[in-house]
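The form predicted on its own is given below as one chain in structure tokens.
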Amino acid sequence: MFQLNANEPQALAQYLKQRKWLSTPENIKSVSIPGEGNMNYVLRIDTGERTLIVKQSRDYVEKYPHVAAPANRAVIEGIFYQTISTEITVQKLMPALIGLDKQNHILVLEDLGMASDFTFLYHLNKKLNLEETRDLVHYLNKLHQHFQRPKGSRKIANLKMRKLNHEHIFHYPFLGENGFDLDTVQTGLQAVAMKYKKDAMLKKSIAALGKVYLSSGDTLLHGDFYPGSWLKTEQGIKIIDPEFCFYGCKEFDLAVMIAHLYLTNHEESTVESVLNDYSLKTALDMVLLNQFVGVEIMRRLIGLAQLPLKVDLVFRQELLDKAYKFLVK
């Protein structure tokens, strides 16, 4: 199996030329890491004439090598890009797929240039503006409207990745003893979290919600629609990293976005505008939507997938209480 390696540009150039993703005259001028990756090994290739993003998935999470993950997730992501290429309004909001190597779990994407993700929102000193919020909802509108009820092999199940996500959303955060001391995140958080970890009614609600997440649905979802997947570029907002994609219930994507609006202390009016701008609003199950909002907030505060939140314990506790009310009526 060919392994990407930033320290072996000649081998990388040879591989890309064999696949015809680089032309014969092109050479690699430099190789760099385009940002702090979580799931995959990602490189930016500069030929002097253009830049490309090359991504490889391995059988573990790149940021947490001790966490196993499906090795073919880059292939699933590539299939997502192939699927959405038929709808130009969605394609324009994402990088174009240049190549997919299913055997080596490698995909090559258009480089979106100088860009930053929206994780700066977690510092709470900046907010989405109205245009940015509308662009994000516009993406979900087009994705959810145009890719529904596929037939046969066109349906993306991505069950292995969903099971991995299920563990970290619906199970691990709510274990009484999971080996993760939350006081290393913020002093006092472990004691706060135990209130929820011991709540039988909450855990029953989350277990039922987890079964909904693992079930099949009719709408193509991005699957991880949060600020780390939103890019601020010179061409406007772009969406990346759909490796958790699957056909499921539309409430999930929208709920993840709304949960992160709460986590970044946006006004309730921003949440209302998101719901008002969502074109399939009348078809939403609002109870299910709110439950997904609640569990996403909780798992980000007391689970392994921590965010760079610049907040105090009181803010975290208020968010956890809000999330609890979404989940337990």
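None of the values given here were measured: they were computed from a predicted structure. Just count from 1 along the sequence shown to find any residue number.
The same protein also has a form predicted in complex with a small molecule, omitted here; what follows describes it.
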So, Gly113, Tyr226 and Leu231: all three within 4.5 Å of the small molecule in the predicted complex by heavy atoms, or not? yes
Using 4.5 Å between non-hydrogen atoms, is His260 touching the small molecule in the predicted complex? no
Using a 4.5 Å heavy atom cut-off, state whether Pro95 contacts the small molecule in the predicted complex. yes
Residue-level question: is His266 within 4.5 Å of the small molecule in the predicted complex, judged on heavy atoms? no
Can you tell me whether Lys55 touches the small molecule? I mean in the predicted complex, with a 4.5 angstroms heavy atom cut-off. yes
Using a 4.5 Å heavy atom cut-off, indicate which stretch of 180-188, 130-138, 234-242, 84-92 touches the small molecule in the predicted complex. 234-242
Quick one: from Ala193, Ala255, Leu109, Ile169, grab the residue that has a heavy atom within 4.5 Å of the small molecule in the predicted complex. Leu109
Contact assignment for the small molecule in the predicted complex, among Val274, Ile45, Met39, Ile302, heavy atom within 4.5 Å: Met39
